[in-house]
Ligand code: MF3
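Okay, so here's just one chain, in structure tokens, the form predicted on its own.
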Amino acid sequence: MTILTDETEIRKIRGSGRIIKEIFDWLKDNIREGISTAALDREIETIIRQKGGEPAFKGYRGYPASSCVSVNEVVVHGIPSDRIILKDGDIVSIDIGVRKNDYFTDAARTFALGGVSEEARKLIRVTEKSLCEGMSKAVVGNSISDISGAIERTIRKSGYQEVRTFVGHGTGRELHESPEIPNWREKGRGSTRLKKGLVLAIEPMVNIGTREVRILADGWTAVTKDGKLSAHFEHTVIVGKGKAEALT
């Protein structure tokens, strides 16, 4: 569990988060029909290294790439491949982790390519809104369950399902730390009180259909069991008094 109260440390982790922000700005202009997910991953790694960072995912527990690129029914951990070519109508979730100045940050966004369905656009809007609602509860005096409950309420109002196989997490000095941050409120779980300076990666994953997932033979790629669409948004934040600071 990383708690940062020293301004020098906070400046360091901001530098890590800034790289991810710049990559997402680049992606808005460069993710397109006809590009492979591996080509995107290579560009992402190049930017990370050019900015003085290291790709946090590459080699982590044997993961082979610098980012996760998850298309349509892929929930998370889509391994980039030269054989996966993006096409009009796809939704693409990109998850990036960066280590710089000995601090980790982690974030994800879902992009819509071209003429996606209105249902897909709604899924993306709801998922991003659920992240924002969760972040609004990441303040001193609240608990993890306050974050979880805000995320779950937003998702359920729209008739979608939160994924329960994966959860958000602490981050900072390590990529994955305590506490876990479920995307649903569960009795007896999430009682951890939030302290000023606590670093959290909040990340709702939302499915149009069933919340159930299955893992493909590569041991990483998680897809919806019913083959319907999924979206993913994530920010690394620092808990504050009255408002969290989004680093990514």
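Residues carry their position along the shown sequence, with the first being 1. Bear in mind that the values here come from a model prediction, so they are computed numbers and not experimental data.
Omitted here: the form predicted together with this ligand. The next part is about that form.
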Given 42-50, 29-37, 208-216, 62-70, the stretch touching this ligand in the model of the complex at heavy atoms within 4.5 Å is 62-70
request  = Check whether residue 139 has any heavy atom within 4.5 Å of a heavy atom of this ligand in the model of the complex, and answer yes or no.
outcome  = no
Contact of residue 95 with this ligand in the model of the complex (heavy atom, 4.5 Å) | yes
Practice problem: State yes or no: in the model of the complex, is some non-hydrogen atom of residue 77 no more than 4.5 angstroms from a non-hydrogen atom of this ligand? | Solution: yes
**Prompt:** So, in the model of the complex, is residue 220 in contact with this ligand at a 4.5 angstroms heavy atom limit?
**Reply:** yes
Answer key: of 169, 173, 99, 129, within 4.5 Å of this ligand in the model of the complex (heavy atoms) is 169
Contacts from 1-32 to this ligand in the model of the complex (any heavy atom within 4.5 Å), listed N to C, are none
